[in-house]
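For reference, the chain that follows is the form predicted alone, supplied as structure tokens.
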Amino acid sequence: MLLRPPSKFEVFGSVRFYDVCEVVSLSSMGVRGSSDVFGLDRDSLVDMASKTAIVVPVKNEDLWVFEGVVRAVPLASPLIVVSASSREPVDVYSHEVEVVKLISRLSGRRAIIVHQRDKAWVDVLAKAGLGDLLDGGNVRYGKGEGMILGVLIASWLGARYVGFIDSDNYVPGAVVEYAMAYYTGLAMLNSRYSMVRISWPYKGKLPTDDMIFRRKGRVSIHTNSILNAALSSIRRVETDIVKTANSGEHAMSLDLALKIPWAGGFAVETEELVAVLEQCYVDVEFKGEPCPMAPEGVRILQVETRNPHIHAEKGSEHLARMAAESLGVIYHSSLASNDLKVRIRATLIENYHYEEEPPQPRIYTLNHVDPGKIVSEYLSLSEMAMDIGY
């Protein structure tokens, strides 16, 4: 892959936020292109892939869609599947395990699949000081909670980077492109605390008789606007730099992943940005507190890919919940003025018929834990987890 480096970036305290960069070539085949683009040769690409664990969270997705995503993750990257799928009346998780086992047997790839509600997590997480992840004797249902388990496993594997790819993508080619964007973008940033977030060119939802290729997602259009408004108000200079507040497809260095606070549920992607901006911008500029990622600070790169993101329509209730949890992160943060809180409430009412105060996110921290010890103990106790191809 060849990327055209972004033409500008904006600085917020210790955070360098790059504008969207363009994919010049999906497959450069070893050709480095002009001096105006950035790409990796084959050996460097394989090296970056081997250092990047790819986490696929899944919950009751159509099996053929899930299989397409898993088959598309490049073989050089360790694959981590974190499932929250049903065990009864149909054991969906067992089908997912068989898919991963088949693909790993044929390809020889390293793959780990775990279940989010596996009882083996309970005592291990409680002893490690992550009891807040538990609810009623299980790990909480929630996308963010599943991603946290993926981060712990990636660290245990010794990965340097961790990337996330949603399991509901109907276009396997898009998955390959996301992974290539992670490898290339993270190499281009070359920073200890780095993040690459995907901005897709179009988004479409099935069924096909109602297919519209949208330039902006129905939730992300509001989250991006609100977060940009918050930054504009604080800095007193208008900005539209944020294009990926709800980016499910993103990757980051493990050093960053283990430092930042994480949110549960659908708040997770927005919380990543808000947490970094609070700790390394607001706290530094206005409270005199040090950035945990100082002195280097955080580098955030946004990449617009070429493949459209096509997935199933999940209904207005799903959208409303996603919007409320995502905007709730900003609403309850130090980025939000009273005027912005009024705007958030109005946005939720007008667009999602959501009249309650947006929920405060559940926040988890990982900087005090030993991921290697947690995952090793979990795997020794679990009868559900599979470590394939080791």
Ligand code: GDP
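Note that this is a predicted model, so its numbers are computed, not measured. Numbering starts at 1 and runs along the sequence shown.
Keep in mind that the form predicted in complex with the named molecule is missing from the display, and what follows is about it.
- Among residues of the shown chain, E177 is not one whose heavy atoms approach the named molecule to within 4.5 Å in the predicted bound form.
- Taking the partner from elsewhere, A181 is found to have every heavy atom lying beyond 4.5 Å of the named molecule in the predicted bound form.
- In the predicted bound form, the named molecule sits within 4.5 Å of a heavy atom belonging to F266.
- Shown alone here, P57 lies within 4.5 Å of the named molecule in the predicted bound form, counting heavy atoms only.
- Taken together, the three residues S83, Y141 and D168 all come within 4.5 Å of the named molecule in the predicted bound form, as judged by their closest heavy atom.
- Of the residues given (R110, H311, K243, H222), H311 alone sits with a heavy atom within 4.5 Å of the named molecule in the predicted bound form.
- Out of the listed residues S253, Q279, Q116, S77, Q116 is the one that sits within 4.5 Å of the named molecule in the predicted bound form by at least one heavy atom.
- Exactly one of the stretches 191-199, 279-287, 298-306, 141-149 approaches the named molecule in the predicted bound form with heavy atoms within 4.5 Å, and it is 141-149.
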